[in-house]
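Only one chain is shown below, in structure tokens, and it's the form predicted on its own.
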């Protein structure tokens, strides 16, 4: 794999293959809790397909709005993280022995109401990660903006961060996840037409500029206002697409990725080690003795 460097990565290190499955599904634009449970049924059915079709899968990723869609009665069908709908997904993760990524629209998270939330459930059925979307889509999404981008240990040496749909249009959130140590960034989306090229560009840029694996799941289908194009994809740390789902169809993709490669890039890569050089600018200049200027001179971040 070309990781975008002129120099080979130094040293000997071990890697494990993280088996990832992403699904793109058409969620019902929920108006009742019965609709929500039909969407949960759909996700669980795809989880069974993933486990049957790809034995040994480690990580299952479903799209944004997978439980409720994005309909006009959004606030009437919010769920609780300790509620029965989420419990069904937790039970399925435990049954299959797989990590799962889901995107419920949640009534309240840490005192904030109406949160677009990505959760990671481990293979024991425990919620080990909660992320509230830091950049809600304005003006169409009246959810509470998030306040942090945490990283959690996942299977096979992975360090996982989640971002949600419009988040990926902002380079700051990718860098925040990378600075937190993520070697796999998961983007769950309900990204609509006609912006499928923007979807590809931002996914590639997020992977390359932060030298991180990117795993994305995007919805398909049509609701009251939009059509959703799919094109779920998994990308290498150099921004190349490993595999991609087609436009507009319910689908499932799978790839084996190697998170420890990202860790080694950040430790040993000489050129194009962007996370390091962002914090150590100009390290080759004689005035900076191989360390570089470690002060942040970017006024956008200082403000």
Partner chain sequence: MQKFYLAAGHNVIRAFSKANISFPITKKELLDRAGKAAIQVDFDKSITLADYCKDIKLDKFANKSQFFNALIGSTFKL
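The structure displayed is predicted, hence computed values, not measured ones. Between two forms, the rigid core is the largest collection of C-alphas that superpose within 1.5 Å. Numbering follows the first chain given and starts at 1.
The following text describes the form predicted together with its partner chain, which does not appear among the structures shown.
Within 4.5 Å of any heavy atom of its partner chain in the model of the complex lies no heavy atom of residue 32.
Although the partner is absent here, residue 279 sits far enough away that none of its heavy atoms falls within 4.5 Å of its partner chain in the model of the complex. Heavy atoms of residue 295 never reach within 4.5 Å of its partner chain in the model of the complex, leaving it off the interface. Under a 4.5 angstroms non-hydrogen atom cutoff, its partner chain in the model of the complex lacks residue 300 among its neighbouring residues.
When you look in the model of the complex, the only residue of 65, 43, 269, 61 with a non-hydrogen atom within 4.5 Å of its partner chain is 269. Checking 259-267, 65-73, 52-60, 233-241 against its partner chain in the model of the complex, the stretch whose residues place heavy atoms within 4.5 Å of it is 259-267.
In the model of the complex, the residues of 257-293 lying within 4.5 Å of its partner chain by at least one heavy atom are, in order, 266, 267, 268, 269, 270, 273, 276, 277, 283, 284, 285, 286, 289, 290, 291. With the core held fixed, residue 16 shows a CA shift below 2 Å between the shown form and the other one.
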